[in-house]
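So this first bit is one chain, no partners, the form predicted alone, shown in structure tokens.
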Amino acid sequence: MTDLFSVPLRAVIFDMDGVLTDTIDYHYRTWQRLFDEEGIPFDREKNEELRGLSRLDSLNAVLGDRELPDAKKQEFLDRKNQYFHEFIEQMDASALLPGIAELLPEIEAAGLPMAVASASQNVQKVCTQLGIADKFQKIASVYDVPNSKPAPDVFLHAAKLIDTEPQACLAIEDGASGIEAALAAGMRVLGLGDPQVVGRAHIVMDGLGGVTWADLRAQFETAPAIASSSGL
């Protein structure tokens, strides 16, 4: 891993949910509305298990052994997406998580391309609503690739789109499946949140509030070994 940390960083790839903004409650409320209508048990604990999963993988995780025709599943997914759009239409820059509004311009000023690698089909719409879509050279989702997280596909796809080798990318994630995906892609990985969830990341922080690009670059380009911290 020391060799990986010795490679100069040339790009940053962000997850969206839980990193740029927090739509977890939106997802919970829209899934809850759908499953209540269908009489399928669902709660916040189950919703947490869906972090980083695609919409179809999320639906299948909740359905478990329940057998549904593909057409019915698609109807569920379309309905859920309709409900979700009602929420994201109300989003603006105030929904950015702490530190993002300051960090993105710093990375941009340093001349590094940025991309988003998200499990959300609505990632472009959400970034536009937040007013940050123009900060990213490319915005990718798991719907652009064969396999969703924890497979590395979306991170490798994002790196290719911005013409950067994976080992020169820093991936920022908050979900266990996303951490596994970024590690499998061969990237340096910053995990945000609970160490029990993101502890496999190279470095763990509570969040990005007050964190500068200089802070991140110092840690991820000079670290002599894997380290974890709750902040800087």
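Each residue number is its position in the shown sequence, starting from 1. As the structure is a prediction and not an experimental result, all values here were calculated from the model.
Separately, the form predicted together with 6-O-phosphono-beta-D-glucopyranose (BG6) exists; it is not shown, and the next lines address it.
Note on contacts: among 27, 33, 46, 200, the single residue with a heavy atom within 4.5 Å of 6-O-phosphono-beta-D-glucopyranose (BG6) in the model of the complex is 27. Heavy atoms within 4.5 Å of 6-O-phosphono-beta-D-glucopyranose (BG6) in the model of the complex map, among the stretches 55 to 63, 33 to 41, 186 to 194, 203 to 211, onto 55 to 63 alone. In the model of the complex, none of the heavy atoms of residue 125 sits within 4.5 Å of a heavy atom of 6-O-phosphono-beta-D-glucopyranose (BG6).
6-O-phosphono-beta-D-glucopyranose (BG6) is not shown here, and in the model of the complex it never comes within 4.5 Å of any heavy atom of residue 87. Of the heavy atoms in residue 80, some are within 4.5 Å of 6-O-phosphono-beta-D-glucopyranose (BG6) in the model of the complex. Proximity of residue 129 to 6-O-phosphono-beta-D-glucopyranose (BG6) in the model of the complex falls outside the 4.5 Å heavy atom cutoff.
If you take 84 to 123 and check each residue for a heavy atom within 4.5 Å of 6-O-phosphono-beta-D-glucopyranose (BG6) in the model of the complex, you get 84, 118, 119, 120, 121, 122, in sequence order.
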